[in-house]
Each structure stands twice: as C-alpha cells, then as structure tokens.
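First, one chain by itself in structure tokens, the form predicted on its own.
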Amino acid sequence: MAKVLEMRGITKQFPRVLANDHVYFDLEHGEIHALVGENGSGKSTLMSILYGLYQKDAGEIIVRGQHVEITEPRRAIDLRIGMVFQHFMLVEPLTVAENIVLGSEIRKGPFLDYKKMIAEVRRLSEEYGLQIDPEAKIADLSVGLQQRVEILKALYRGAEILILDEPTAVLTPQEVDDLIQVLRNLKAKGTSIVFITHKIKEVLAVSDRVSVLRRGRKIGTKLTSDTNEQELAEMMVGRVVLLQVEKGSAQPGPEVLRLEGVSVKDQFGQVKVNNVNLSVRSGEVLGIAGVEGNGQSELVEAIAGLRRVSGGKIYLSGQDITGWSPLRIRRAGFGFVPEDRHRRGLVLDYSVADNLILGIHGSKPFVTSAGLRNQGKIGEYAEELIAEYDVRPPVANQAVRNLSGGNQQKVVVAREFAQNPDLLICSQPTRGVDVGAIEFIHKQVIAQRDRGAAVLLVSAELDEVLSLSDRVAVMYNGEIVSVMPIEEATEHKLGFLMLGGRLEDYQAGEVSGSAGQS
C-alpha cells in the first residue's frame, strides 16, 4: 500500500524533557494506524509537529512523496491534514453548520449563503456516515455528537489524513462504539487515520497497525492482527502489566457512609437522583455501574457537598452531614477524586506542588507558626508524592496545566489518597489514563480498601467496576435498581440492568434459557 506520510528521525526537546527522540512513523493510504503509549510518552507531541503546532528540532516530514516544512496548522490543512483534539474547539452558541464552515464560509456575494452551507454539511455528513442535524446548536449536542462536528470540520477542509488525539477519552461506551463505526466508514472512503490512544482494546478493535512510544522513543510497530493486549501493554510500560488487579477478599467493618432516601435536583428543578438508599462499610469497595447521565454525577456531588440535597439524609461515620460545606465534609474524613479533574479537581494555573496540598494548605507543616507558607515543607511533600505516584515530568514547581491528562489525574489521586480518608469516592478514576497508570491506581484503590477505607467507585468502564468492586450497585434513571455481591455480577447482567431491565426479568430469562438447554 502507498505511503501517504513519513516522519523520519523526528526530535523535539522541551526544557528538561526530550519529548520525541529520533522517532520514525509512517501512514499508508486508507489505513488506521494507532499510536499508543503511556501519558507523556510523546504521542501528542509527534502529531502536533505534523499539524504545525510545534516545530521539530530535527528530522524530516514527507507527505505524498514530497519533503515538506509544516510551520503552522494552515500549512497542514493545505496539505490535506486535519486534527481533532481531545478538548473540542467549538463555538457553543453557533449551529453545527456554522461551526463546520467557520473561516471557510460559503458566500453569495457579500452575504453568507446559509441554504447552501446547510446543504453542503448535510451532504458531507451523509457521505461519511456522520449523521447530524446541521441546524442544531452545539450547546445542545452530546459529547459524541460534538466530536462528529470536529471530524466534519476537518473533512470539510479536505482532510485526507486525519489525526484523532485521544478521541474516546470523554465518550461513553455507546459513543465509543459509534466512533469505531465512523472510523471504519472513513477508512472505506480512503481516509488515512492516525488514532492516538492508550486504550488497548480499542486499538485491537479498529486499527490495522499499531506503533508504540515509550518515554519519547519508538519501541516498535506491529500489525494489529499479529499482537495482543498483553504484548502491547508490556511494550508501552516496559514490564509485565497486570491487566486484572490482584486482591484478597474484603474484610468489611462498620458502616461509614449511609444514604437514606436521598434525592437531588439539577439547576432546572429536574429530579436527577430519586430516593436513593445505600450503605458503604469500611474495608469494602462498592461500585456503581450505569450508563453515564443516570444520576451518578449528581449523587457523588451531593455526598461531597457540591450539590444541594432536595430530600433525604447523608451520614458519614454516624454524623448527619447533609448540607455541610465541602471543606467541612473533607475535614470529617472524606476524599474525592472527581470525574472532571479540570473543573473540580485542579487549579490549572497553580503548580503541581500547590495542587498536591489543596485542602490542607492552611495546616501545619505547610504553614509556619506565623501563618506564612513553609515552602520547604511544601516542596518536600510534593517531591515525595511525585515520586510515589510517578508524576511525569517530575517537576514540582511547574503549572499543572502543562502536564498530560493522565499525569494531571495522578496529581488528583495522589492528593486524595495520601490523606487516608475514612470515605473515598473515586468517580471515573482512570479516565484519560494509560494502562500502566491504570494498574497503579487500581492497586492504590485496593490498598485504601485494605487499610480500612470505605470506597465508593463510579465508573463507566464495566471492566473496572467488576475488577475492583466487592459489591455492585446499578443506577438507572436516578435510582438504584439493584445491589449485589461481586460474585453474582456479570457484564451481561449489569448491562441488562443498566439499560432499564428488571432483575426478575433477567433471572426469569436465565431460568428459561437453562431449561431450554436441558
């Protein structure tokens, strides 16, 4: 197959970090080539060089047989290269069509030709199987549909080489399935795709070839059909990776969290959590399984004091904490890894060190007896956690916004776990995190359980829920529809309940199914 792209010996040095070290990468016409590696391995940097966001220090780029210099994104677009970023760049008040043509508008004389613009976007969406309403407002679309708009933006500008940077990081499992079908449609139309990710199962499901980067260097390229999950994980991390967490039996102790008839409304007065009763004991992990948007976010934010409870009571270690402030709840022995690390977990312009002491920054030893910052103690504490949780690059005084998403997540996890809380809520704890970091975070969750913490886990990844939990609660339409020991939970059973099925119907189906086999 003809090569449409070659990157030869690409090197990029940032202060204190060699992001790309003589990397070779190529892309064939009409293939999906996955680019995988740990957070901070250099994947996004390499593709940002191809798209003109960064300038290489050494190496050469060849597009369709021609040596090129790509000094800005406009040059990449002229070369029919498009890039879809993990964090979308859309104007929410505008429509789908307006966003897609922005900067390359269709005009009739001095005026915009809205009719032709909408027709062109509709034609393009139908051609590539990216069905979407051109007249819908971006603000009204799901994350998965917003991603379709970003892909259509690139295709509208003539992209034949499409770079997708962590495209599934913010998608639900159903949206991931939709995206995989979209990528297959694009491939069938002759589009060449670079798929940046760290999710190995998705690589195996959709790619033709896979290249692995580790600490800025290319480890190797494999035909996807010739490799497997374990081999790719080892190539990414440089050692054997446990894809299933090892844990002993739980030893549950006293009740730590109790919810009695808890209800929560959103800002529009709509009930999002309806009369939830739940209990979590010390020394156990209770996992909440459910399709995102069924009240999980509102429930954990209510427990954390970030959202008002419209009914019911919340108890922490026997104390009624309903209506308490987040800081007061935290001081009562609560730790929280939120699903949105940017909005709830980090102050992006603060340093890594300052983020690691958020919530305890006013306590000794981080302040002196005179009430001044003890910079030495803050630095020592940060260096310890950076080393223990393998935050990369290991620089305590850099702004946390400069870290990759996975390393930002490590900062949040390190801060919350280091306090050894009585109750620990982990909401999507491994979202946007690579396979090596997932293994590490999973081990830390079980370590928290084994030291006696009560852990409430919320995850859109069923594998994660099944791997970590001792009991599983299923949430649907704002209600807990079932709670079961992990021994009774299967992926099929949980999936049935997550989509609104009733437990008695599932059990009846099992009975009739087994009867039919006998």
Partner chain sequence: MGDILAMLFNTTVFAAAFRMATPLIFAALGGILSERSGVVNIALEGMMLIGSFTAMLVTYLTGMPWVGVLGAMAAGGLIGLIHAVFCVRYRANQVVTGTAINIFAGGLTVFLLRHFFQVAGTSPAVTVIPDITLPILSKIPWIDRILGRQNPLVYLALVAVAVVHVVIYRTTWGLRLRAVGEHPQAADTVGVNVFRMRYIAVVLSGALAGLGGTYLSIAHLSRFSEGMTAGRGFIALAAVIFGKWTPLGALGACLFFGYGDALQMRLQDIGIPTQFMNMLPYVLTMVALAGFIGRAVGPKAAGEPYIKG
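Numbering follows the first chain given and starts at 1. What you see is a predicted model, and the numbers here were worked out from it, not measured in a lab.
The discussion below concerns the form predicted in complex with its partner chain, not included here.
Although the partner is absent here, residue 476 is not a contact residue: none of its heavy atoms lies within 4.5 angstroms of its partner chain in the predicted bound form. Among residues of the shown chain, residue 442 is not one whose heavy atoms approach its partner chain to within 4.5 Å in the predicted bound form. Interface membership of residue 68, defined by any non-hydrogen atom within 4.5 Å of its partner chain in the predicted bound form, is ruled out.
The closest non-hydrogen atom of residue 110 lies within 4.5 Å of its partner chain in the predicted bound form. Stretch 97-105 is the answer when you ask which of 97-105, 224-232, 269-277, 306-314 has residues with heavy atoms within 4.5 Å of its partner chain in the predicted bound form. Using a 4.5 angstroms heavy atom cutoff to its partner chain in the predicted bound form, all of 88, 93 and 157 count as contacting. 74 is the sole member of 189, 364, 74, 373 with a non-hydrogen atom within 4.5 Å of its partner chain in the predicted bound form.
Taking 218, 199, 153, 410 one by one, only a single residue has any non-hydrogen atom within 4.5 Å of its partner chain in the predicted bound form, and it is 153. Contacts with its partner chain in the predicted bound form, taken as any heavy atom within 4.5 Å, map to no residue of 393-428.
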